[in-house]
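This document starts with one chain, in the form predicted on its own, laid out as structure tokens.
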Amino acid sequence: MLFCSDNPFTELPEVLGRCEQLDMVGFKSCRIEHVPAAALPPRLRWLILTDNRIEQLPPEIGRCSRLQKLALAGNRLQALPVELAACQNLELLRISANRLTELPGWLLELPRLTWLACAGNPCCADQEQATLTHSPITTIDWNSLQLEQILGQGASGVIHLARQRLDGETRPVAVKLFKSAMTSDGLPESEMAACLAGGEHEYLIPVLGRIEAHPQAVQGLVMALVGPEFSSLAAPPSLESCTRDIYPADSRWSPEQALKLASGMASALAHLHARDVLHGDFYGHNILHDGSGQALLGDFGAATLLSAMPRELAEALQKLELRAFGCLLEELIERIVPAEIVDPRLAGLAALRDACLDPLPARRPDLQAVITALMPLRARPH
């Protein structure tokens, strides 16, 4: 692996292509304008070129058959090379904050594409601005907040425990401060627009307002503080796992707990899809749970608004999220105990997992069908 972020490179070095075992390359926040075909290692699995000046990718990227993760947010791309369709193992793609006026149809037919961020492009930026303008989020003065310890962090920001002074009293809240004007997922403005469009739901972490008057002009959100009984379901993917979350070794659930958690998350996603929001980062590490099956979904850093897109395209994008839900089911099923006991509900859950992971996106169920399939499974077997 090679990571060279925040350096004055203007071109991805061609020498990388001669490193036959190199599979992870990161040149984030450099000044790269040109990506030579010769710079792509044959075993490339993970390529990070976030926040550069790239206007096009070489068609030879289609030869990178092992490519799973491609981060291109914050560049100047006007189109994706059609040869990228040959990258059948691609699972995570970040193309937010570029200059894309449309998304190619072949992209949404990739069999394993699961986590896509495409906000901040001309194809959806107008809708983001309209959402921020016509549904203004409550502003919260930075000076009314007192930050305490860090609760966690992700690709887009750091979350702190804080105290907010409000009407002469204080209340505990969670404060998310964005790391920069451009994150690996995209723009803070896109995340805030998605939070607004997503609205309120019992399985979503409530957003209280947007920070104003930060002394360094850092952008941020204030969210309701989740109780101490909640913790992250999983840790983010590692360098080795690439696109899959890391679960604690002792993670175990009963069938009842797993089905309750799955049903809650299906309900949250269905709510977002009904409001034309694609979460884009539906992962265990963005889910808080209390150990009993109660769960909350958060982090809209990779979310995209779909309302300005043609209905057929929006529905095709939602099918990607169904694969993400299938990955969650797969991870839950692997940790259900006692696994040796025959339980007909597990067979039903496995069938639903397989339907969501179907390599033909058009054959995957929608979330209302998922919710309907989960309802009888939650009933105890006789």
Ligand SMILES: Nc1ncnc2c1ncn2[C@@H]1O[C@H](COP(=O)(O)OP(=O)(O)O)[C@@H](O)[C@H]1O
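Heads up: residue numbers just count along the shown sequence, starting at 1. Worth saying up front: this structure is predicted, and the values here are computed from it rather than measured.
One more form of this protein exists, namely the form predicted together with this ligand; it is left out here, but the text below deals with it.
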None of 223, 100, 84, 295 but one has a heavy atom within 4.5 Å of this ligand in the predicted bound form; the exception is 223
Exactly one of 211, 110, 204, 174 comes within 4.5 Å of this ligand in the predicted bound form through a heavy atom, and that residue is 174
Handout entry: Contact test, all of 17, 22 and 24, partner this ligand in the predicted bound form, heavy atom 4.5 Å
Key = no
Only one of 249-257, 267-275, 282-290, 139-147 sits within 4.5 Å of this ligand in the predicted bound form by heavy atom distance, namely 282-290
Q.
So, residue 91 and this ligand: in the predicted bound form, are they within 4.5 Å at any heavy atom pair?
A. no
### Query
Can any non-hydrogen atom of residue 263 be found within 4.5 angstroms of this ligand in the predicted bound form?
no
- request: Report yes if any heavy atom of residue 198 sits within 4.5 Å of a heavy atom of this ligand in the predicted bound form; otherwise report no.
  value: no
- Contact between residue 153 and this ligand in the predicted bound form at 4.5 Å, heavy atoms? yes
